[in-house]
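There is one chain below, alone, in structure tokens, taken in the form predicted on its own.
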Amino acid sequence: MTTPISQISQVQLNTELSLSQLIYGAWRLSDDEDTSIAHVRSKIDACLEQGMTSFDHADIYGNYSCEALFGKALAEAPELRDQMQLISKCNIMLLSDSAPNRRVKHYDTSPAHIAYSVDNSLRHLNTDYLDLLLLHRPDPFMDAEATGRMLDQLIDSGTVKAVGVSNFKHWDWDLLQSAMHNRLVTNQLEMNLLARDTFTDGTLAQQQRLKCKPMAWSPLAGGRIFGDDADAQRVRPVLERIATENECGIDHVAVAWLLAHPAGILPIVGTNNPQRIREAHKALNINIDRETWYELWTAAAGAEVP
């Protein structure tokens, strides 16, 4: 493994698991024009070179294709597995040509489906364990006792090192946790300058109270910070000023805004651009103090705080 360019630190989630402070999101891996094993490997190397060792997957990404793309690269270089943490998510049931008999998009947190999904992820990723398994969305039809038992079994057997959730409100978290003897370790949430509800609806507060490190998906608002909608146009001059001061891109400033929060947010960086992957660590070098943090919030909201 190449010596890191700018070491991204590791953050401990529990005694069994640490993740890198920046995480690579693989959800667009199959959208790239080049999906060759060599090109996927180049992205993995660009991450590892700077200490970005955690890779975020889900069974559904790329219409159920991204895990297998990544796994082919691991199959050719199995020594990489010990240098990384693999995260995957399950329970969203897409309408897809791979499931022709499925009538409606839905969620499935049944023990049978969770076990099936994990087995598929292990096979596709060419690994015999996951570092972290997340339930992708809260399931209104969830049998918490049955789901909790299955998640505990996966941890106790060593099939997964730890379990968390994604997009759960704090009441969804509490219900599932009440049915488990192992602790949930993280909630992966949409958090960015243009999606700020989590900061005020109690979800992030609960993560802090439990001393969990939340993960942030779509830290660039799905690319909206580069676009022309009103919210983006309001906040972009502030982003550009800070980027100029720090000789970096506005994407690094947007990620730094999340990193500055005392909750210890772990942003997920999802890009197919090799150069942007190599420069992801620049976000760690930007100082966002309290007033600057609120300056960005105010610009994005279009109004000062109450």
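Numbers for residues come from their place in the sequence shown, where the first is 1. In this text, all values refer to a predicted model and were calculated from it rather than measured experimentally.
The discussion below concerns the form predicted in complex with a small molecule, not included here.
J.: Please run the contact check for Ser218 against the small molecule in the predicted complex: heavy atoms, 4.5 angstroms, yes or no?
T.: Because a heavy atom of Ser218 falls inside 4.5 Å of the small molecule in the predicted complex, the answer is yes.
J.: Using heavy atoms and a 4.5 Å limit, would one call Glu67 a contact residue for the small molecule in the predicted complex?
T.: Flag for Glu67 set to no.
J.: Within 4.5 Å, heavy atoms only: does Asn167 come near the small molecule in the predicted complex?
T.: Yes, contact at 4.5 Å.
J.: Tell me, yes or no, whether Tyr116 is in contact with the small molecule in the predicted complex, where a contact means a heavy atom of each within 4.5 Å.
T.: Contact with the small molecule, no.
J.: Using heavy atoms only and a 4.5 Å cut-off, decide whether all three of His39, Gly71 and His281 touch the small molecule in the predicted complex.
T.: Checking in the predicted complex: none of His39, Gly71 and His281 is within 4.5 Å of the small molecule.
J.: Please tell me which of Asn91, Thr198, Gln188, Thr147 lies within 4.5 Å of the small molecule in the predicted complex, judged by heavy atoms.
T.: Among Asn91, Thr198, Gln188, Thr147, a heavy atom within 4.5 Å of the small molecule in the predicted complex occurs only for Gln188.
J.: Identify, from the list Arg236, His124, Lys213, Arg137, the residue with a heavy atom within 4.5 Å of the small molecule in the predicted complex.
T.: Exactly one residue meets the criterion: Arg137.
J.: I need the one stretch from 199-207, 174-182, 129-137, 72-80 whose residues put non-hydrogen atoms within 4.5 angstroms of the small molecule in the predicted complex.
T.: Going through the listed ranges, the match is 129-137.
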